[in-house]
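Next come structure tokens for two forms of one protein chain, structure 1 first, structure 2 second.
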Structure 1
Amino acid sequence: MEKRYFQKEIETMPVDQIKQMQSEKLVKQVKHVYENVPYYRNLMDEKGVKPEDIHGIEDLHKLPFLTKADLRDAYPYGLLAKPLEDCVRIQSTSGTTGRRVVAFYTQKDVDLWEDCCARAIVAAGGSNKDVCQVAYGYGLFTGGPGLNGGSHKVGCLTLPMSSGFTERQIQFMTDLSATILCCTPSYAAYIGESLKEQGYKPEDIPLKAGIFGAEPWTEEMRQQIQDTLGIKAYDIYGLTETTGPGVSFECEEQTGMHINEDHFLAEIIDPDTGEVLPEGSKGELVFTSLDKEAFPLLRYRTRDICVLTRKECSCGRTFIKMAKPMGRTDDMLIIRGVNVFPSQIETVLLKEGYQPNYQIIVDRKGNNDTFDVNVEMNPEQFTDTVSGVTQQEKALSNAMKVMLGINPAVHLVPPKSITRSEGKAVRVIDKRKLV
């Protein structure tokens, strides 16, 4: 099978040249950020480091980290490195306390992001002869716009379906012979189950490949999707904070995701000490955006736990690989592709007049996440009428949807009925087997 690349010269560049390029870009980026982002300049000054102290990637460890808390504190414009008139796009995701993470893009930023997504599509076998069905959400969510732009760069006929409306997804997929599907893995599984219910066999489905990300998924789930849809299922990784999907992507080996190292510099650190760990160590993934203009983050702590390796890959790409994330160092849950924090639930409960006595229960039925929230009623709120409880549950569920972007199934329970351990309730029960 012929090896195909979107930008072969870059994707197969010798490692020493990659590192040299990263060093040159890092020096320029640190200067750009120091001169244009007062928030980060203050962090550097507090640590006693100046741009002239950074001569290459060997000095990266001297720079301070950025965290989700910094993004919250600097919201909305505090980390912007370009004038607003130079920006052409924002994308957004939810933050830990209801504040959203807002990322800004110049036209160059958008072009580079779309190149990264185009690399992922070509690595999955895509070309201008393919029909690419993008069933990630559009709007502020990065999934749809990223893969949509990448598909255009490759020259695919692009179906900008967005998520949901499964009957219409299937109609377009079959009528227009879509060959590549881009969506969350759980939605891919649901589409597969729906096709099976309608009597389709894998050989009847025109798809040949799928690019799935935005939520955790297991190898068992990958195999099930591949068997049901008759495709190869490829992983893709990204964060709104750095750009969106396309930070890294799987090739035909399906043994980890190649990081686009010409744009993103990856480190693995000890999550407790911040010490940089050697290649092959398990730790927290940290990214530096090497050439993003409008919203360049230096040493951003993703909270994802994984491993990096430069083991030679049969696909010919020389970019370092990251393993599928093995968990997180914080309490964030990814449910149906959406970031959910317990603190967001607490914010809603307090605003609606409840005490923050609750329990989040996440499970996976078939290949779809279930999301339940048990909430203790205050004694004065307690009612034993079914209609009264149902009305309160619906109102609370709607309030949580406004905060989270997805609807949990809210269950009001009697006061003090949630089991406490050592005086504290167990806030999260995640029954999914994701690792």
Structure 2
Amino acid sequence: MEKRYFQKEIETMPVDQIKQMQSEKLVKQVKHVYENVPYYRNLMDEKGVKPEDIHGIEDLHKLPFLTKADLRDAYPYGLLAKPLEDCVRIQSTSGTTGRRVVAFYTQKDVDLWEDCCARAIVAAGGSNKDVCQVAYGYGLFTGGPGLNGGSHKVGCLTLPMSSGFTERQIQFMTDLSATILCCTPSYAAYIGESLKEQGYKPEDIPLKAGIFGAEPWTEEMRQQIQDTLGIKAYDIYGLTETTGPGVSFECEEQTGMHINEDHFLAEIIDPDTGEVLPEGSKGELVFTSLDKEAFPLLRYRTRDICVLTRKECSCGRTFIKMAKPMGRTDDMLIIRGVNVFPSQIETVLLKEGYQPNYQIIVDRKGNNDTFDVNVEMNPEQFTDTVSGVTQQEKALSNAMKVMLGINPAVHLVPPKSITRSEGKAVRVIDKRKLV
């Protein structure tokens, strides 16, 4: 059967046509926002920009940015561009850091979002012959509802598992021969670990593909998940503010995620100056939603750090690709003056043969930062002598110094002593912020 939701006429459109389409949509969207969102109208007025000044994407840089602080100021209705009667759904971030975001959707917005997730599933090889196990959280978090909607659109048999209850996940997966697993990469690693413990070999596991996102994960972690589950693991990206998962997704090339450019216009900026950077530069990702009706953010600063490239892709899609985000500007730790991303530590651990089960603890003693990394031993190391363990800790700390420029104190802890994640993993405990 022909693949539904490989929307060829859109996804393989020549680049000049994509840009033309984006320009037309942008002009309309700016007018819609200016007329319906007083909060953004004020920002534009302050900058001296009127909708008439925006003729196409070349004028995008004239528009003001929106930040998470604006979302907080405008909470809950201040950025709504449609009457509430026209809205059918809200989704929200967890707000664990006190920064809850509430996003609104019209039915058209939900359809657009589910289309994007459907494209992601098809790009991972999905069709109506597949059984798609959705083990992202359902509820306010966008992961479960987004992939669920996409899976329906593709026509997969959808298993709406939500996250957690790993025993039950495994039972449904094996009893119903799930072929596609959607969850966070850390939860996929945990499910893989549990399957292995139950004696499953990769070839016994019915899955063929995984669609994993919602948190940063490294290439090394991809490889490990692929090997354990015997699948191809595809990345998917998105954020509540712009809809949820499906803003971008990986194709069979697995070399970055195609951004759904018919709906989202992406820029990379210097996070310090706000200057727009040329293609290929590393910087902060900024999105403008071109079609969203209820919550249409213009130039929203994601804080995610990555690179955009428009290279020809063997899959035929022409949409620009974003590299795996290497972290967020607010995830970046500054320890003893050195910039440290958790993803760098993960890379070293996996290269050195450890599992991606670790926790970074940063504190301050007097005027000095302390930097500790707890890493789970592999089961075979657990029986090693104390001196052997100390040596391994030293070796790991030195490998991290090569990557980071500073030495953490590495502590090998017993297998399974670090709490497993069923959603987004908590990798960092920064006690300095509590002072």
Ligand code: DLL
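It should be emphasised that the depicted structure is a prediction, and the values quoted were computed from it without experimental measurement. The first residue in the sequence of structure 1 is number 1, and each one after it adds one. Only the largest set of C-alpha atoms that superpose within 1.5 Å between the two forms is called the rigid core.
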{"item": "Form selected (criterion: the form predicted alone)", "value": "1"}
{"item": "Hinge rotation, rigid parts compared between structures 1 and 2 (°, from C-alpha fits)", "value": "158"}
{"item": "Angstrom displacement of the CA atom of I361 between structures 1 and 2, core fixed", "value": "2.6"}
{"item": "Value in Å for the CA shift of V348 between structures 1 and 2, taken after the core is superposed", "value": "33.5"}
